[in-house]
Structure formats: structure tokens, C-alpha cells
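Single chain ahead, by itself, as C-alpha cells, in the form predicted on its own.
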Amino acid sequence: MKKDRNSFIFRFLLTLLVILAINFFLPRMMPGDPFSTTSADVAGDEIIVMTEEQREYYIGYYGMDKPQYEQFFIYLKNLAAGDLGKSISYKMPVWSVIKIHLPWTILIVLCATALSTFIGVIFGTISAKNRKKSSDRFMMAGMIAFAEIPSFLLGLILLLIFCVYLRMFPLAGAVTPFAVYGGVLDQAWDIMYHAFLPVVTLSFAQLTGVYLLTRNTLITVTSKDYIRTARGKGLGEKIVWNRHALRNALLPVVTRTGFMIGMMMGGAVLVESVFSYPGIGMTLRAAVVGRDYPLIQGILLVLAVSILVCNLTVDKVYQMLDPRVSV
């Protein structure tokens, strides 16, 4: 047991080191630097607000004149002290920027996860109960076709229909500007009103996976001997499905739910850009455009750690639901 724990810790630390290396070196492979778009020598589309001397000064100020391997070791040293660096574009600590935008992303990701899991389990159960019937074939064909639509395209479609043409939802933002709320419920309603379309877009992007997993698992479970035994004892179909089949079929769904949170954190980058939602994805996009290396590193690190934590949590929850996996 101790050997397995040491092996797990080693693999976790090795994975984290690889993630840190990718987070550091990948942004620096992009052309340009944080100061190149505002230091052009020839007037044109770019606004000249920084001379070459100023540009060299800031490159030295942020330590970008050192070799990259030396910058990487400095980054690891600062990270060990809990310092994610200072954002070049926001002129404030990276963690302060992340704390402002991360809660909005967590809100839509958790809501989308709950919505896609709930709808996917219901549709998957209905489809499994009507296996090989026309309703099952129609539902499966529709779900598979729906899964081929990219999340950003689906977001654009919803934006055009419900925001531009019907004007039922706002075009951008997470709250109504300069709104005066009558209470907590009014504020919560306004927040969910702005988050509705991003949540629907994210949840629909993962809905088919939950549906297929629930359907196929239920079909497999209902063919087991203990299900036939339950029916042989005279138990009603509702009890057989709810207490025996569905309870066992939900174990893989729990695992997928944890992985789905990580995938949605990554998918939020595109969805938030479509709806101009001020979450961590929108912030990452702006950081990439502005070559804000410290902010890119901090956001990617938070996303990677979030995915690792979700995976570890899923393993623990799965062991609680099915103790056999820990044997």
C-alpha cells in the first residue's frame, strides 16, 4: 500500500512538472512578445506608444532578456513560494486577476455539468427502456447528429436566435451594468439570466456523451443475472429499473461527470468568447492575444490543477459508491 502511494505521488508530481513546463514554454513559442504590438517603428495599423528603448527596458524589467531555461527556474522558485507573477496587461498579481474571473467560469461549468448529467441520464434511461424501437433510433440519431456541432458554433446559433432576433437574452456580460438590486434573489436572478445561454451551450456540448453512456450501460446491466432474478421474484419494473439497474448504471456516469468538468473548463474558453462572458476563458483569450505570459501560465496552471483534482475526486467517489474498485 505504501509503495502504491509513493508511486502515485511520484506520478502526480511528474505530471505537474510536465504541465508547468508546457505552460511556461508553449506561450513563448508564439511570435512576438507582450510589447511588440505597441512598439512598431513604422506608423500603420498599430499605434506607436512605446519606443525601442522603452521596449527593451520592460523586457529586462520582466526578466525576459534572460535565457528561457533560467526564466523557467525562476518561475518554479517563485511558484514554490506561492507567487504566480504579475500580469503585464492588468498590472496586478496574476492570482488577483484569476480570483476576479474564475468564479464566473466555475458557476457556468457546475451548472452545465448538472444540467447535461440530469438530461443525459433521463434521455438515456428512456432510450434504454425503448431499445430497438423507433423512438430509440430517432433519439440516438438526433443525439449523434447534435454532437457533431462544435460548441462555439452552437453558441453563435443560440446568440443569433435568442439575443439578436428574439432579444430574449443579453448579448454580453455576466450582470446588468449599473443595476440596483432589491435583494439577493434579484441579483441571483440577474446572474442566472446572463449565464443561461453559456450554460446551455456548454451542457449541450457534453449531453450526447452522458446519454450514450447511460443508455449503453443500462442495456448491459439489464442483461445481468441479478436483474432477471429481481424480475423473477415478482418485483415491479419500476423497482427493478430504479433500485437495481439505474443505481448500478450510474457508476460510470459519475466517473464521466468528473472528467466532464475538466473538459468544460477547457471548452469555456470558446463559449465565453462567443458570449463575451467575463470568465477565465475570456481572460485567457485576451492574455494570449496580448502575449501576457505570466497570466497565461497562471490560468493554464489553474485549469490543469482543476482537472487533476476532479480526476482524484472522481476516483474517491467511485470507491465510495463501489468498494470493489479499491480492492
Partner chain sequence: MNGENVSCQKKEFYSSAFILVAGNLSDGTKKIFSKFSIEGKIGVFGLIMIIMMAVFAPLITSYPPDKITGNSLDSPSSDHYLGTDELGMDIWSQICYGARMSLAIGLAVACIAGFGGGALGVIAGYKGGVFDQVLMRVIDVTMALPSLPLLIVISAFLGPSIINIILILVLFSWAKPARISRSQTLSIKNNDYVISARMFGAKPFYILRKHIFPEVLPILFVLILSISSYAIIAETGLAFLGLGDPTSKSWGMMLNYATGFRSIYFTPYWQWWLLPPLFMLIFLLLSLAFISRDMERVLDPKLRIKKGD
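Numbering follows the first chain given and starts at 1. As the structure is a computational prediction, the values presented were derived from the model and not from experiment.
In what follows, reference is made to the form predicted in complex with its partner chain, a form of this protein that is not presented.
request  = Using heavy atoms only and a 4.5 Å cut-off, decide whether all three of Asn78, Leu110 and Asp315 touch its partner chain in the predicted complex.
outcome  = No, none of the three is in contact.
key: Answer range among 181-189, 98-106, 167-175, 82-90 for contact with its partner chain, defined in the predicted complex as heavy atoms within 4.5 Å   = This holds for exactly one stretch, 167-175.
query = Taking 4.5 angstroms as the cut-off for heavy atoms, does Phe72 touch its partner chain in the predicted complex?
reply = Close contact is absent here: in the predicted complex, Phe72 is far from its partner chain, nothing within 4.5 Å, heavy atoms only.
ask   = Contact between Ile296 and its partner chain in the predicted complex at 4.5 Å, heavy atoms?
value = Ile296: contacts its partner chain in the predicted complex.
request  = Look up in the predicted complex whether Phe118 has a non-hydrogen atom within 4.5 angstroms of its partner chain, and give yes or no.
outcome  = No, Phe118 stays farther than 4.5 Å from its partner chain in the predicted complex.
ask   = Hey, in the predicted complex, is Gly63 touching its partner chain, heavy atoms inside 4.5 Å?
value = The answer is no: Gly63 has no heavy atom within 4.5 Å of its partner chain.
key: Residues in 245-278 close to its partner chain in the predicted complex, defined by a heavy atom within 4.5 Å, in order   = Stretch hits, in order: Gly266, Gly267, Val269, Leu270, Ser273, Val274.
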